[in-house]
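Consider the single chain below, provided in C-alpha cells and representing the form predicted alone.
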C-alpha cells in the first residue's frame, strides 16, 4: 500500500518536478491543480488541500465554497503526457467541517455504489470507466483569416451533408 510518505520519497528519489492533483466534477469533466513538488508535504496527505468549490459547476454557492481535496496515495502514477516529470494523483472531495465525503463527488458516489454491491451480495467487484466517444467526419474545412473565421464539417451520416456525399443505402 502506497502512503503519503512513499510519494514524498518518490518525488525526491526520482526528481519529480510536479504533483498534479485531480478530481472529476459532477458532469464527468476532469479538474486538476498542478503543484510544484517543493510544496508537497506530509500534511497534504493528512489534512488535504483546500480549494474553492464554487468554481465547479453545480457544486457549492460562494458563501459555502470551501472544500477539501484529499489525495488518494494508492492512485498515484507518472503522467506520460507532461513535458516535465509529473506524478498524478486522484482525490476525494470532502466537506471541510466534517471531513465526510461530499455528496456530489463522483468518486465518493462510486465508492458508495461499490459498497452497496458488496453488502447486498450482488457482486464482489464493480468496474467504472470513461465512455470513449469520438466522431469521424468525411470532410472538415476551417478558416481563421482576418475576415473569415469558421468551420464546415461533412459526413455521410449527417442529416445536413452536402450533395457531394450521398448517404449509403
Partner chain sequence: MLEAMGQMGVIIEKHHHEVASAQHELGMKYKQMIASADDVLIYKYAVQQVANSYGKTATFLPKPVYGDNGSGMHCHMSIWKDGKPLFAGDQYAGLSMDCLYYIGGVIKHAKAINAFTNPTTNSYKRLVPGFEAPVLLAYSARNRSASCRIPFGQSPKSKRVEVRFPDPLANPYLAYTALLMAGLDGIKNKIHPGDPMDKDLYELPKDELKEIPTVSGSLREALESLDKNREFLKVGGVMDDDFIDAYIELKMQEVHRVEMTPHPVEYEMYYSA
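Bear in mind that the values here come from a model prediction, so they are computed numbers and not experimental data. Numbering follows the first chain given and starts at 1. The term rigid core refers to the most C-alpha atoms you can superpose between the two forms while keeping them within 1.5 Å.
This protein has a second form, the form predicted together with the partner chain, left out of what is shown; the following refers to that one.
Not displayed here, the partner chain is kept clear of residue 43 by more than 4.5 Å at the level of heavy atoms in the predicted bound form. Mapping the unseen interface onto this chain, residue 82 counts among the residues with a heavy atom inside 4.5 Å of the partner chain in the predicted bound form. Though the partner is left out of this view, residue 100 does not reach within 4.5 Å of the partner chain in the predicted bound form, counting heavy atoms only. At the 4.5 Å threshold, heavy atoms of residue 35 stay clear of the partner chain in the predicted bound form, well away from it. Of all the residues from 105 to 140, those having a non-hydrogen atom no more than 4.5 Å from the partner chain in the predicted bound form are 106, 107, 109, 110, 111, 112, 113, 114, 116, 117, 121, 122, 123, 124, 125, 126, 127, 128, 129, 130, 131, 132, 133, 134, 135, 136, 137, 138, 140. Here residue 30 does not count as shifted, since its C-alpha moves by less than 2 Å between the shown form and the other one after the core is aligned. In the core-superposed comparison between the shown form and the other one, the C-alpha atom of residue 118 has shifted by at least 2 angstroms. Residue 14 shows a C-alpha shift below 2 Å between the shown form and the other one [criterion: core-superposed Cα displacement of 2 Å]. Cα of residue 79 to Cα of residue 136: at least 3 Å shorter in the predicted bound form than in the shown structure. Relative to the shown form, the CA atoms of residue 128 and residue 100 are pushed 3 Å or more farther apart in the predicted bound form.
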